[in-house]
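Coming up are structure 1 and structure 2: the same protein chain in two forms, each one given alone as structure tokens.
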Structure 1
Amino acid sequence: MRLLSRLSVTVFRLAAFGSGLLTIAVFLMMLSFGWPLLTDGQFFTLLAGEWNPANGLFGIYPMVVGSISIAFLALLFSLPVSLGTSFVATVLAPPPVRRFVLGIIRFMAGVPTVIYGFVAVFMLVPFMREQITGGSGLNILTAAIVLAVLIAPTMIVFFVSGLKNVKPEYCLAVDALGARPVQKLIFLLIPQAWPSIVSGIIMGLGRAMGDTLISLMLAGNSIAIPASVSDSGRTLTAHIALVIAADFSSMEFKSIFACGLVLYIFTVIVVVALRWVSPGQDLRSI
């Protein structure tokens, strides 16, 4: 019996340490494949350089710009809508309807990314082309709009959990003062739930940066540095998917590990930021 329990602890520990170490191993793998780029300071040249394999340029700067602009634009669109929906789900709707609202949001979170992309290809792209941006309709704005819808449920879940967890005593006090729902929101709930709201924003940004399919299908994937939201652009993630098949010994191939490293470091920053903002929460709650 003693042996069994010793053995079981070893198994549990092995599982935890093993998976934890694998997380580090992923980083080391990127590092080792991208090592030739790092040794003579090339990494930073790559970060700031342009991509044009035909002329021997393997910089990922255009993709960094693409990723950041699509992610922040998506966040910009998604934030007000997500906040509004979370207000409905916590304060504005009558209690039975709140559950229904949350149910819909949770279901939205479960809709496969590829389905959003698929429908957008046939509906949103022609609309953007003819009515809004002109050009091919495959551009940063189109991708950002779809991404905004994609990250909304993630953010809403964070916002709702924050707004709900405000101390009931405070709520009662404010209610007793005769506050209207919106006043309660603005003067009590939002300030109290601030850490959760910031966590939700960070999470949403993380998801937007990490998504591959939407930008691959909708952003156009051009290698130019995008100058406006109606330009075609390429993200770091889409770049990995597009270049993965290149010659394994080429600079092109090595550069995707630079993209991987950038995304990895970005994730670490997100995690650190999240823990700093609200120590209780973590990424796995979504």
Structure 2
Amino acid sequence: MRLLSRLSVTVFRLAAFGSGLLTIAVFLMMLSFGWPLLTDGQFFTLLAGEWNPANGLFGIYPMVVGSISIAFLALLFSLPVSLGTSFVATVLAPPPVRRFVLGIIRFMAGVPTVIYGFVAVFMLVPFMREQITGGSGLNILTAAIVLAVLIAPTMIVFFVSGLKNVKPEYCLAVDALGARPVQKLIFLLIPQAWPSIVSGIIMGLGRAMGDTLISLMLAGNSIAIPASVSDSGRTLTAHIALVIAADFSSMEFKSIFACGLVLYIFTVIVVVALRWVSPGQDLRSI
């Protein structure tokens, strides 16, 4: 038994060590391929420049703006719905309804991203084109709406986990005082669960920034800097997918590794933010 336990610990440690090495290797690969565009102080020029390969310009600023616009707009749409759903699934609804809502959320989390995009192309895009934004209907607003649906299960899982992990003795004390569910939610659960709520928001934003297919299918993929939510845009992830599909040997291809570096840095910021917001929270239980 001891031998088996030691062997298991060794295997798990090797797996963790291998995962760390793989992460470092991916970063070094992106840095190596993107180095020609990062030398001589070109990194900030690259971030602030426009994308015009015909004139030798490989700036990714339009894609950075597109990624940030779609991600934050999706978060703005998804946050109220996710909070409300988590409140219903933990406090405000009877137990059968809570189980049903959580089952739907788990099902949504398992639906492939391409299904959301495919349905939106045939249902949401025509509606946006004819009733709201005009044009092709493929724009930042359309992509953000669908992306809001996509990231909602991620945030709801975090919110529900935090609300359910409030100490039982606190909940019993509030119940003994005769507090109504809404009072219990406002004065006990939300103040106690705020680290999980903030963690869910951060993870939702990270999920929105890292998604490729929704923006590729619905945002319009324009390389111009969007002036409003009704304009088409292109995200960093969609840009990487499109350039990889087009060319393999030019500077245009090498520039996508600069996009990868930006996304990598954003991922690091997300992880650090999660650890800083909830240093004592066991994220494995979520």
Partner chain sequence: MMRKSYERFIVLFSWGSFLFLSAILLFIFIYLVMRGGGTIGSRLVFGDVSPLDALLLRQRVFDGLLPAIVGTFVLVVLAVGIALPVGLAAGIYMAEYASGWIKKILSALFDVLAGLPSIVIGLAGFSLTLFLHKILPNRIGPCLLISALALSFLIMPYVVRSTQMALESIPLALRHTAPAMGATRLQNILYVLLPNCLPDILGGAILAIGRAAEDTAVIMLTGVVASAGLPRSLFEQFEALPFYIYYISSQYANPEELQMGFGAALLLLVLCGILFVFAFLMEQLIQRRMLR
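Owing to the predicted nature of the structure, the values given are computational and were not obtained by experimental measurement. Here, rigid core means the biggest group of C-alpha atoms that superpose within 1.5 Å across both forms. Numbers follow structure 1, counted from its first residue as 1.
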Chain form predicted alone: structure number out of two: 2
L7: how large is its C-alpha shift between structure 1 and structure 2, with the rigid core as the superposition reference, in Å? 8.3
